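First comes one chain, alone, set out as structure tokens in the form predicted on its own.
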Amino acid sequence: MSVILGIDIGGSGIKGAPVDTDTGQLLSERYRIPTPEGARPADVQGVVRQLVDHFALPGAVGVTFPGIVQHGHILSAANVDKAWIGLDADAAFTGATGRDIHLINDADAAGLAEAKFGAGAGVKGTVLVLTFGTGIGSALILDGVLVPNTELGHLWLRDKHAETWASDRARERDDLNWKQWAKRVSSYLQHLELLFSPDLFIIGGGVSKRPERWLPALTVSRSRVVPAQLQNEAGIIGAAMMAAQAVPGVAEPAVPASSRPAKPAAAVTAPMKSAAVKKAASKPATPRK
């Protein structure tokens, strides 16, 4: 059994737990500390250090971050202080905690976890994990391998910026009912189908807790659509998985489909309607704020 601490940095809270990376199970209750106001680097590093000290687990630590992470450096910052941009965060967190820290984009972490231990377990081919919340996070998985930092929430649908128009925040802001919101999401998914032809869409974020409200109203042409299963644990699990891959001698285990627990039948599939899909012209992606 490989046990690694996973930490998930969110806009309102920073939470962590030790993870058995062989099974994807959390081995204790999550411990959560509110995100410091402004989410400045030094303050967030201090909270991560508190979580590391709380669990006192030796070895590497995986940490999610709400922005683009490339080779440990932060290239964008969403809902956190702009001082993060350009920072070698792997080195900064390692210095602050005394542990070998490995960062990963938050949506990528959730995608890794869902693809291996959640709704995408055992699925071959292309899987797109999308998290609907304040924005739209994305993770592209091909045969279990992550293509990092896809940032597909920043695509344009004609004159619509995807996450500004179809996120869960947009649903609340525009006072949409679930059917109206699902119509927007359907347009977005149809555009992604034209670009990537995924075998499976996994829809995460807070909306995944009540899929019966919106899933039957989604319309796609050829892909399956299911709700995410790991919910608030996905980021923690994915962060630990990524750290396991990065540590020499601690290979991320391959879990055969036959050894995974059966998934609940409640994973609803969206109707496969063959209505014509209008191809939306894409504009260049805008940088994440």
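Numbering starts at 1 and follows the sequence shown. The structure displayed is predicted, hence computed values, not measured ones.
Although it is not shown, the form predicted together with a small molecule is what the next lines describe.
- Remark: residue 136 counts among the residues lining the small molecule in the predicted complex, judged by a heavy atom distance of 4.5 Å or less.
- Heavy atoms of residue 105 reach within 4.5 Å of the small molecule in the predicted complex, making it an interface residue.
- Contact between residue 68 and the small molecule in the predicted complex is found at the 4.5 Å heavy atom cutoff.
- Contact check for residue 78: a heavy atom falls within 4.5 Å of the small molecule in the predicted complex.
- This chain appears without its partner; in the predicted complex, the one residue of 184, 154, 171, 99 with a heavy atom within 4.5 Å of the small molecule is 154.
- This chain is displayed without the small molecule, yet in the predicted complex the stretch 136 to 144 from 174 to 182, 136 to 144, 85 to 93, 200 to 208 comes within 4.5 Å of it by heavy atoms.
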